[in-house]
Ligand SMILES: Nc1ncnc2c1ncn2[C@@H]1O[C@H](COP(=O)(O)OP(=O)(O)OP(=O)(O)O)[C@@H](O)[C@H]1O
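Next up: just one chain, as structure tokens, the form predicted alone.
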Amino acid sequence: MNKPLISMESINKVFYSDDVETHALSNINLTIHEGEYLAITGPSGCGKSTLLSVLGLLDTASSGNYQLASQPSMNLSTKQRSHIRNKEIGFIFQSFNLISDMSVWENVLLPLSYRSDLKNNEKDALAKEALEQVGMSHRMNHYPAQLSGGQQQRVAVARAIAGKPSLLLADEPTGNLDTKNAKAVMELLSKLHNTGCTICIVTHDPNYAAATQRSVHMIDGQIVADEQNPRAAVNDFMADIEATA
């Protein structure tokens, strides 16, 4: 087993509104090791996306201990959190979140433009490599509106992986796609995992969850099950993708 990339202990998240407390996360204990492929499942409103936001430093927990790559992450400044997100974490969203008036190339290059540790030629090389990895280099001069949903999500994946992050987080990455394109995106994520990428996805679909190594099931802000997926289930899913390709 590789070393832990993420360690959460007694994580709680409480939202306050009009004197009402909403406990979105309750006593979350979670460890994710380097190179793992994990699915977070559960009904709508159970806290999946909130947990992903805390994992990705888009939000802060109300209490508890969260370490990312052995570094405490609870009391970071806004600037520190932004820096870590940009360098260490890649995000894939259900709605793609591509900028409509920017080309595919510009969308993928955008997060890299904030990396002061990279030279311009290094940024260009990383963006090109990412687009080639997802099979979209031939569309680099197109705009999002000129692409299908599946192509847009591939560009979103390229943008997420261009900076070679330690962690890839995907929130319902197949939610806006038809079955064929959804399977293509899941196949792409599996290939990325096979290259050593640590991936955590939120999904409602049990078939897609079964295609990962491990499933964490949530109900009412709590983790109620954490289990390894049978290798047979992963192999069956990939065989199904290949049969319908």
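Just so we're clear, the structure is a prediction, and the values are computed from it rather than from any experiment. Just count from 1 along the sequence shown to find any residue number.
The discussion below concerns the form predicted in complex with this ligand, not included here.
Asker: With a cut-off of 4.5 Å between heavy atoms, is residue 33 one of the residues that contacts this ligand in the predicted complex?
Answerer: No, residue 33 sits far enough from this ligand in the predicted complex that none of its heavy atoms falls within 4.5 Å.
Asker: Is there any non-hydrogen atom of residue 43 lying within 4.5 Å of this ligand in the predicted complex?
Answerer: Looking in the predicted complex, residue contacts with this ligand include residue 43, since a heavy atom lies within 4.5 Å.
Asker: Would residue 190 show up as a contact with this ligand in the predicted complex if we use heavy atoms at 4.5 Å?
Answerer: Residue 190: no contact with this ligand in the predicted complex.
Asker: So in the predicted complex, does residue 180 come within 4.5 Å of this ligand, heavy atom to heavy atom?
Answerer: Judged by the heavy-atom cut-off of 4.5 Å, residue 180 is well away from this ligand in the predicted complex.
Asker: Have a look at 180-188, 65-73, 207-215, 49-57 and name the one stretch with heavy atoms inside 4.5 Å of this ligand in the predicted complex.
Answerer: Going by heavy atoms within 4.5 Å, the stretch is 49-57.
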